[in-house]
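Given as structure tokens, the chain that follows is alone and in the form predicted alone.
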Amino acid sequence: MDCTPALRNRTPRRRLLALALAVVVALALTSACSSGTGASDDSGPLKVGILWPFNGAYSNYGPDGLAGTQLALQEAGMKVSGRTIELVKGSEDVLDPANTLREAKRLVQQEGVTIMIGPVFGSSQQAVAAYFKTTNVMAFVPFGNTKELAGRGNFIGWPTLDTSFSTPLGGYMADQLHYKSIATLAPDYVYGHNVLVGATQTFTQAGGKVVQQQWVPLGTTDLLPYASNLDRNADALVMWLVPQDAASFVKSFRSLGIKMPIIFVNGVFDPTFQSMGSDIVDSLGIVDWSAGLTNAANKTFAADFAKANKGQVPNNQNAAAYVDTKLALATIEKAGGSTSFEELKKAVTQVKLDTPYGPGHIDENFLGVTSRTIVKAVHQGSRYVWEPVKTFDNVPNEL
């Protein structure tokens, strides 16, 4: 999901974060010089690291990512190109990028990791960028990537460039829903800003107007002020928040009796979706992946995941980590078992996979190219699901 060097310093908290990141980058550059160049040993076990949030803020992401990665590795028999795989876990700190950098250094320097799954959040990706570049670590990161880090080969962004994620939505709102104006709501960090760019740009290009944009600091628990401050003259609210924050906002939104439609960028992930489903039935969204997608690869993934996880229905984090891991393994296979950074860079853009998202590949800027789907929240049996409405295949990344 989302890592740009330019954090918007609109609040004292954000100025402090920018300063902290500057220190983190300096530390990464100096420490990397003493840690070698990341030269690979293509014999013996292959160390794969997973660097997702397991503690602190958004710690539900970590176990979900781990479950997806474990399924992909189990399907591969814990081997790639004849080499045994060892999975090493590290905990991303969403609110303190310096801690994430320390974990990344531990995984690489002490554990011998050369392939990383994660980190997830943009501030974390920014924090480790200089270190990964110096040590030739290739990271497969979920939920997108930024144009500033595209092209290096250190970050393989699946499923897309973050600013291209919602591109099809803008035209759909203007042409199919006939909206003339929208308000937006998203977290005040890199991915939160970037994930709305595609939709807002294509909406305004189609003649629409963005009348209000609200940015919520990460860790905010009271979302009522943002619901109260909403410009109710807009035709719809276009929103992305991490799932538990989305649930809090919708509760506040409904308590105020607001009838405005909400368009959910990236839907709402399970299990939060199940708890809030009755409040958002008939709402629309745009997703890269959903349990409701009907392609054969997704049906197989859902069945295999349920079998491996006591009947659990997979969520967005499960799917993202699963595909990131499949991409990593396919890249190593394409490189003939080598984990040389230069060989992996050549190999990754040659990989084509039939994924739960749909057919996909990595472009010349190391960004995923796959489908995006407009979905509708419906009650189906005992569950709420995102029912596909319209699919856009091979959505390009526009740098």
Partner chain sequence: MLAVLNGISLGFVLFLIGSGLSLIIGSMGIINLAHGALYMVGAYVGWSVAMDAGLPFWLAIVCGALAAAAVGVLIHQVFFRHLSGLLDEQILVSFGVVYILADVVQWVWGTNAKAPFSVPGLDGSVNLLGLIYPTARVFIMAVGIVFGALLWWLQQRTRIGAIVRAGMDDPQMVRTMGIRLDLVAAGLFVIGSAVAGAAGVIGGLVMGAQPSFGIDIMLLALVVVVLGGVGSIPGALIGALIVGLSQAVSVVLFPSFSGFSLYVVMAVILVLRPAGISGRVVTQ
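Everything quoted here is computed from the prediction, not taken from an experiment. Numbering follows the first chain given and starts at 1.
There is also a form predicted in complex with its partner chain; it is not shown, and the following applies to it.
No residue in the set Thr294, Asn309 and Gly360 has a non-hydrogen atom no more than 4.5 Å from its partner chain in the predicted complex. Considering its partner chain in the predicted complex, the lone stretch of 330-338, 55-63, 367-375, 352-360 in range is 55-63 [heavy atom distance within 4.5 Å]. Just one of Arg83, Lys251, Lys133, Lys180 comes within 4.5 Å of its partner chain in the predicted complex, counting any heavy atom, and that one is Lys251. Out of the listed residues Pro261, Gly151, Gly112, Pro217, Pro217 is the one that sits within 4.5 Å of its partner chain in the predicted complex by at least one heavy atom. By the criterion of a heavy atom within 4.5 Å, Arg232 is counted among the residues contacting its partner chain in the predicted complex.
Interface membership of Leu224, defined by any non-hydrogen atom within 4.5 Å of its partner chain in the predicted complex, is confirmed. Proximity of Ser228 to its partner chain in the predicted complex falls within the 4.5 Å heavy atom cutoff. Contact annotation: Glu75 falls outside 4.5 Å of its partner chain in the predicted complex, judged by heavy atom distances. Residues Pro271, Thr272, Ser275 are the ones in 262-276 with at least one heavy atom within 4.5 Å of its partner chain in the predicted complex, listed in sequence order.
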